[in-house]
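Coming up is one lone chain in structure tokens, specifically the form predicted on its own.
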């Protein structure tokens, strides 16, 4: 069997691309220097895969920001507002990703959404009525050639036509049907160009096929690929799926003239059964996704080899593959000096997964696979207990009663009590939580981690920053304040470092979007809280002001979804363990005088199954109760907030309302406030704060822009229930953007408030 990788991480083992790109944004390096660094990274990644024996290495999996955005540019799906800026191609690309505000104009960025059930975000392509879809870019061809120049023949990876069209946003009268012919021609041109360049395989990524498909969707798939593959020449075409199974179109896919089909055997619950029932064409190659591309645990060779032996009864030609791109895991365990060997032996990051593919290939080449040293070593690892259980935690979860998930009194009664308690103005203003993590904040944290300063010095600096942040918010005129989160590296990593049962890493960075990287902690064992984690900072912040300061926590579902979860227990059990730990923190904050507590569930939708039939039974029936468990013990005068961002909420809006928070803030600015109408139509009872401006862009919104957003919101939301806030936390922005933006937010809220 040969080996294949769907895609590889691209920001660099030490985030080289992130830092170089951010320097470019600040005009600290030239475009040529940025391009040189990116070429070196690509060459390094191809070489690592080659040295690890990977047979099918992808190109065009690299991106300066996002592969969907790359595809939009490749297909000339660039809205006129960006073309009219008159920027060069790279700066126009970044304007689409981040927005642009300068001498050449003022435009917002494209919308940004979660990539299926991951914490990666993609840019939503826009197709307007003026769009002329055609092959217009060079990037995939340049990267194929760049790999050739160092002696590596790659399989170029392109977002497939079906997924591109299903995820794109049509902004005018045109529909998908109006552009199918143009898209087919563009993809035919892509195939033709690669055939001329000598490509042996080309990979079309079609993750949208694992979702619920209608008969029209299946017909669209057939129309697209019967056209695209009508004259594909000698280049072989791989249809690559991931994040689930293709039960709605399996037979249709097998009847299309693909040379290979990539199927997911990790998340694809029905993939094996589909092959057993319907068979697999003898003329096609199966790219079997058996090495998990989303989690960091070692592959269990015994289970994988048993699966592959069973598959070999139905498939003549099998390639060992990752289940999805390795974009979703860190680079290498080689960068981790503080993890013990006891822990490391159970983990596999991207580079270690290459080794797993190679070892599986070696084991399967032997007449008796289970007698090989690699197999025996792996079997020995999985035969040993991991020392990860805590009976007290397990007993606490088992002891939970139905009433533990219910807050008393009712929402309506609490709303009246809190209105009298807080006496806030109409359209109260606040922020989501974090303030800019400026250079001095990062230096303070780094100095403490390196042992250059004491804990007392570290804490004293953070308290100074908290006092400054409170004073700044009072000066700006915000109604409900936050402490700024200067002690936190990340909204999940911070809690992972302070909860028992977690492992945390040094350099295990994973790209979230663009230049934003996160370091997900690892759920090693049963989770518990042994000491308060946020009380000291929140109580200190509250002591410096007469205004209300929100206690800031991350909710159990988001902590779990933005961690690497265990595979030996259910997600439900892990979530309830974390919920009990955060519940203790909530009650301690309340006992220390914090009257407003925000429990962020930014990632609530992230693990929502991609098929609607599984939403409740496999996820919502425990995710919503886990959040309710966290706050059900507080009294009626304590106001509970939560925050959600960058997901589609309309179809689970009733479930969100059932979280029984008092106030919910949403991302809304990048999606043109589309959620506002949904809130009205659903009879949403919770007070809400749809974000009035996009913090992931460096743009500074004007007072008029924010007022217009508030007026639009008030057409659908009662004025008594509307809060005014940015889209998300401000840690990734600078003070030079944050302060004027918040001043404009407060001014706009006051103007609209007076008009009411």
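Positions refer to the first chain, counted from 1. A quick note: this is a predicted structure, and the numbers were derived from the prediction, not measured.
Unshown form predicted together with a small molecule; subsequent notes refer to it.
If contact means any heavy atom within 4.5 Å, which of 339-347, 676-684, 180-188, 593-601 contacts the small molecule in the predicted complex?
It is the stretch 593-601.
Here the chain is shown alone; which of 378, 332, 434, 511 has a heavy atom within 4.5 Å of the small molecule in the predicted complex?
Contact check passes for 434.
Name the single residue among 93, 144, 122, 562 that comes within 4.5 Å of the small molecule in the predicted complex, judging by heavy atoms.
Spelling it out, the residue with a heavy atom inside the cut-off is 562.
Is residue 645 close enough to the small molecule in the predicted complex to count, meaning some heavy atom within 4.5 Å?
Residue 645 belongs to the contact set for the small molecule.
How about residue 485: is it within 4.5 Å of the small molecule in the predicted complex, going by heavy atoms?
It does: once the small molecule is placed as it appears in the predicted complex, residue 485 has a heavy atom within 4.5 Å of it.
Taking 4.5 angstroms as the cut-off for heavy atoms, does residue 731 touch the small molecule in the predicted complex?
Residue-level check for residue 731: yes, a contact with the small molecule.
Contact with the small molecule in the predicted complex for residue 491, defined as at least one heavy atom pair within 4.5 Å: yes or no?
Heavy-atom contact with the small molecule at 4.5 Å: present for residue 491.
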